[in-house]
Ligand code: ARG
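Listed next as structure tokens is one chain, alone, in the form predicted on its own.
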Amino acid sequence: MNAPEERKPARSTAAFDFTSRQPRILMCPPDHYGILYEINPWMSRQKQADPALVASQWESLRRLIEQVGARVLLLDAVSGLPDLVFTANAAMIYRDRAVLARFRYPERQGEEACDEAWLTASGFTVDKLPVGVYFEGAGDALFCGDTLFAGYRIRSDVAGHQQIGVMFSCRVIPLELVDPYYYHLDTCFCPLSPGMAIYYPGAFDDYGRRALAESVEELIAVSSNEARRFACNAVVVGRSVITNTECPELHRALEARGFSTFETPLGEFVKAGGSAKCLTLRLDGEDAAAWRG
């Protein structure tokens, strides 16, 4: 694979072009990233991230995303908000609207104002759920076709997902997450197209597994070993899929279905419980084809 051409990401918050067909992804530089607290089983302040590796791994992901055809825009990093780098949690995007996150843990609640300011300045209509209803953005709300799959219990509340369903007149299938290591839906479920998705069965209860089997035409299961490498936490741009390293079984399964696969090391972010998808927010919607048609 040839090295991508060096390009400077856009930091501008000028009005967003909602008519563009080019995939656009929001990222946040890891300037202030670190393991400053512990709010999921992956995090340990005794296992700090290496700043040089952090910068290198983030930059490699950004350049790879641009290489496969997406445009990267940037949210400025803020001191004291180490998890702002995980932009997937900022909001759920639907057309020109953004449902802003309401974080469960106080350590992340300061991110909300930063996310809201960027989205508002970029031309999105920002919607908020009622106070006391927790919702962690595209980390727990993912469209597969015209159905919104919604993870709940560990971070997001099921009541919030039902309100989003009413707000956008879409079908919502709530999925209870039962393994604390897979605390957001995007750590164990990844839509590839309206009828196809990657998932880790062990993250769901029996109802969740049955609901997915009945609602998604083709499910690609990942092993427990590759799930621990965040195989499901992938960035999908068209027929290109980007994951952390050491997910060969998933890559073979995807390539057999006509996808192009890419891997890039993201171990410094796994220390905080995140990987490729967590570091990105798809600004033209998690499944743009479902509503652009």
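Quick note: we count residues from 1 along the sequence shown, nothing fancier. What you see is a predicted model, and the numbers here were worked out from it, not measured in a lab.
Absent from the display: the form predicted in complex with ligand ARG. The rest refers to it.
By the criterion of a heavy atom within 4.5 Å, Arg155 is counted among the residues contacting ligand ARG in the model of the complex. Not displayed here, ligand ARG is approached by Phe86 to within 4.5 Å at the level of heavy atoms in the model of the complex. Taking the partner from the other structure, ligand ARG in the model of the complex has no heavy atom within 4.5 Å of any heavy atom of Gly151. In the model of the complex, ligand ARG lies within 4.5 Å of some heavy atom of Arg108. For the residues Trp118, Tyr200, Tyr94, Tyr183, the 4.5 Å heavy atom test against ligand ARG in the model of the complex is passed only by Tyr183. A single residue from the set Thr261, Asn40, Gln67, Ser56 has any heavy atom within 4.5 angstroms of ligand ARG in the model of the complex; that residue is Asn40. The stretch from 204 to 212, 126 to 134, 185 to 193, 71 to 79 that comes within 4.5 Å of ligand ARG in the model of the complex, counting heavy atoms only, is 185 to 193. Contact annotation for 262 to 284: residues with any non-hydrogen atom within 4.5 angstroms of ligand ARG in the model of the complex are Ala272, Gly273, Gly274, Cys278, listed in sequence order.
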